[in-house]
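Only one chain comes next, encoded as structure tokens, the form predicted on its own.
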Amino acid sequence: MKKYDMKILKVDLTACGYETQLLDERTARGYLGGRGLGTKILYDEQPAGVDPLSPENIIVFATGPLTGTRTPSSGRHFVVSKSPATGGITFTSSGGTWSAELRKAGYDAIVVKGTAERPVYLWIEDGDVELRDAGSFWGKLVSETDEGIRKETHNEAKVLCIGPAGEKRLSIAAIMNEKYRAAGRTGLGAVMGSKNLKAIAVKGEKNIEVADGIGLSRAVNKAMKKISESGVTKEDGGLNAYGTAVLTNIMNASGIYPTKNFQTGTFSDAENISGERMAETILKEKTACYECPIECGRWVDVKSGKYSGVKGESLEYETSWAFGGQCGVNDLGALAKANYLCNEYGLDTISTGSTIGFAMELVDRGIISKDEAGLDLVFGNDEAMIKMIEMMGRREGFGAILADGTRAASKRIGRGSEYYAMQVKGLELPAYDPRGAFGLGLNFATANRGGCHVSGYTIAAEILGVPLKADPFDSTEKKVDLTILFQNLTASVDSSVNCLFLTFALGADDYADMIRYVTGWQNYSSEEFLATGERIFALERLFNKREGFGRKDDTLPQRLLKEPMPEGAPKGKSHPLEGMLDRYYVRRGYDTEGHPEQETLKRLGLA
């Protein structure tokens, strides 16, 4: 039986050098990879108080034991660092094939520190490592960078890079791979930019070996059967038929589709920008990540209207909401154009659209003038929205005010604008109004990277009824426990590394089986898998504790706590956070400030 090893490439850009390290089995088993491994490295190796844009900040690019294997949907990677948007621990994830190629090139993770004297990119081919000059690519858009680096290295290389937004250190800058895939949230493109690291290109031919191939085949077959039977993940199921934008009509009908900066939860034009309408109009073909049977990706081609000619991939639910309902825009062509520009500049679509919608409300309320914005920045004006994306990507004009997200913008603007910044811990909220999904609201408040839906996607149970139906307005201990379970499971899946969409069909037992056969770890169980997630979540809390985070940061925007929803199923509801938070801390084994108690740390092996 092959021994499972994780090989880490450690790069010091200041010294222009690198070394390799094999991860010990105890750490690998305790944190798996991806999000967990990155958090462990950052907590152990980086002191408190480091400026996120300084040479001392570490950034980790990590795969996991499932990455690149024949397990389903095994084409994701995680990037972990200290966020310039929040000032705390963060992780962000992307799909595609870059992660599998990194493992085939001989490495499971890359740890980068320091700052290069001039722009560089990292080229890894079959175990060989080289830092190359990237001066000719600095200032280039993402597609130009991808194509140029492949010409210099290998036409089939997989390129991860930043665009102009990362170079200009926007706190909403994404890290792109294969042109259209984004590790978008929390501004880690700015961390790469601060290090003068333009890209990491990889190419490999190595076979990714597993400990027990026969056992893994059985586990994969079992998992695939479940995937093929789930209404969400099966062929012609929700995600396959309509992509992630299948959620548009569902969330709108549930009254939790945030509209015009969370003023309400119902958008009258939602149908026009839904996954169903996309399939009827601009969808050209479905796309998939490495070994993914779901094919939730959308390649779109706009053939009519003023945005005719726009083409590209990954017009997702969150993106179509951020530039749709959030900004009051009902033109799919405009949303495709907005998505294209964000991909090219390297911008997080959620934070970019959210911030523009925030500015639109400020104009609407007279807090800022149209002259001050430099555009007729009002809800529904798609042309102004498109122009503002470009201004933000270049840090020009009023775009420079908005370029670091709503929290930073509200501090620059003042005049009471902070109330309208729909963010938690500095990260803009995504496409769900928690006044109609109390578990998700609790998750927004307590998620360690900020306003994040994929830290604990209770929408699955609260709205979709998967794997069980939960009352969205329940705020009792039962809902608190459900939120904690979702958060723990998610942290483990994120560290395995696997696509979170598979959790619509698979449970902890399925993941434990696949990990056991890949690694050869004896007696690896679903209980250990879930305990790993709880450990990772607690370690993130410890990192944030030493950065000064506490109960004051586990909150929601005041609008969601004070203003009752004006219409739809949640009409009259605001979020009952305080009581839920008290129960959450008790059930987690945390103190009243939201920090793990000593007994909890001992139980999790953290003390």
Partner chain sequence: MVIVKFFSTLRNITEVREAIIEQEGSVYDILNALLSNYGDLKEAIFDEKGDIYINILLNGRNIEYLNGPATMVSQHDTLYLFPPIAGG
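This is a predicted model, so every value here is computed, not measured. Residue numbers count along the first chain shown, from 1.
This protein has a second form, the form predicted in complex with the partner chain, left out of what is shown; the following refers to that one.
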Counting only non-hydrogen atoms, which stretch in 401-409, 458-466, 509-517, 140-148 is within 4.5 Å of the partner chain in the model of the complex?
458-466
So the partner chain isn't shown here. In the model of the complex, which residue out of 246, 482, 375, 208 has a non-hydrogen atom within 4.5 Å of it?
246
Only one of 361, 534, 167, 318 has a non-hydrogen atom within 4.5 angstroms of the partner chain in the model of the complex; which is it?
318
Triple contact flag 78, 110 and 521 to the partner chain in the model of the complex, non-hydrogen atom at 4.5 angstroms:
no
The partner chain contact in the model of the complex: residue 569, any heavy atom under 4.5 Å
yes
So, residue 231 and the partner chain: in the model of the complex, are they within 4.5 Å at any heavy atom pair?
yes
Is it the case that residue 472, even though its partner is missing from this view, gets within 4.5 Å of the partner chain in the model of the complex, heavy atoms only?
yes
Going by a heavy atom distance of 4.5 Å, is residue 238 a contact of the partner chain in the model of the complex?
yes
Who in 257-291 is close to the partner chain in the model of the complex, meaning a heavy atom within 4.5 Å?
271, 276, 277, 280
